[in-house]
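Here you get one chain, nothing else, as structure tokens; it is the form predicted on its own.
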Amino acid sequence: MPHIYDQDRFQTEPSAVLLDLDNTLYPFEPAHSAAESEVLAMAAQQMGLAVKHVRAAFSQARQDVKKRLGPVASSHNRLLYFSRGIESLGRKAQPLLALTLEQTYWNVFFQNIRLFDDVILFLTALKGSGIPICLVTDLTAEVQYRKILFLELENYFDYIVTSEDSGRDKPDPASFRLALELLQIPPERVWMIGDNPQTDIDGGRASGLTTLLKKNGPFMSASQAHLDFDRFADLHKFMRDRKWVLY
């Protein structure tokens, strides 16, 4: 069951819920690992190199892109990682190969994307009880919208805020601020649910939100969340027991 760290935050139901996407509503790693393996094998074959050399080049390119651009949506762009990685291997610009790798990555990624158990149960309960939902997620709008469609979540969100919309990745307050502007609800009446203690929880707390940590993936360290939980079924039961949702 959920572990509550601040009882005062849960005396009444939320007036709205903000939700992270990656590693909160679905596990990122299985889809990413399958896509990355396919891309590395393809790039190695096309360039006549060992997979380990391509992996090292692409990993370094990712670090370089993120360092150069900072915490903005374009810093997650895999086309940039692949393009810079190819160049670092001494092949100069190869836009066709970079585009092919990027398209292959996402094609394989979407073939392997799956929701966590009971996400639909939880979202349906919120919608049925009239609680607005806003997705607050880093990365570009185009990629995140495609994930939403592949996961068949398009009918659950009242608003969608990406870091491309707000201009900065979480934990910067820009995305939280934009979400609250769209909802027109004070932050103390809004929940933020995410998996990352730094971006979702620390960022949410700094914006005055009630924060709920979904415990999974690589982020298992202690956080300052007001509540944490393992499964959406547990969070759903927590809300049903208090008659905050009806389904």
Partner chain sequence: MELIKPFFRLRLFWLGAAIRLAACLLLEPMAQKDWFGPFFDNWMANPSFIPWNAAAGLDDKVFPYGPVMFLSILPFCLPGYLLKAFGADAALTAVRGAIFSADLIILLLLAHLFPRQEKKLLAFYWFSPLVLLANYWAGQLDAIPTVWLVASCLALRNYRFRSAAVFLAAASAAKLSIAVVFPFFLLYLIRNRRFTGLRLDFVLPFLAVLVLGLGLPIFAESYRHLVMGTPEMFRLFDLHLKLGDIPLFLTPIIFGCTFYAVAQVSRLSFDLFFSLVGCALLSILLTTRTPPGWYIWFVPFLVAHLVRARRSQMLPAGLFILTASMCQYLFWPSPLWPGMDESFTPETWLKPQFISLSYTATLFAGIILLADTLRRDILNNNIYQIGKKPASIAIAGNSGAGKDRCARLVADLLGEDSVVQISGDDYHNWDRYGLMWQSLTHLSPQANQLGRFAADVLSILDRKRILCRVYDHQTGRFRQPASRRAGDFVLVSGLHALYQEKLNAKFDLKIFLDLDERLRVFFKCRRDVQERGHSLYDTLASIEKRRPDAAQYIAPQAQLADIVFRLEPLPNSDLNDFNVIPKFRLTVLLRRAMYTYSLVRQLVVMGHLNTQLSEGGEIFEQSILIEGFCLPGQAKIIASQLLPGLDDILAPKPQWRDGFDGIIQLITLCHLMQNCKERL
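Numbering follows the first chain given and starts at 1. Remember, predicted model here, so these are calculated numbers, not experimental data.
Quick note: we don't show the form predicted in complex with its partner chain, though the next part is all about it.
At a distance threshold of 4.5 angstroms between non-hydrogen atoms, residue 127 is out of contact with its partner chain in the predicted complex.
In the predicted complex, at least one heavy atom of residue 111 sits within 4.5 Å of a heavy atom of its partner chain.
Among heavy atoms of residue 149, some come within 4.5 Å of its partner chain in the predicted complex.
Within 4.5 Å of some heavy atom of its partner chain in the predicted complex lies at least one heavy atom of residue 142. Contact with its partner chain in the predicted complex, defined as a heavy atom within 4.5 Å, is made by all three of 103, 117 and 154. Here the chain stands by itself, but in the predicted complex one stretch of 103-111, 72-80, 157-165, 132-140, 103-111, has heavy atoms within 4.5 Å of its partner chain.
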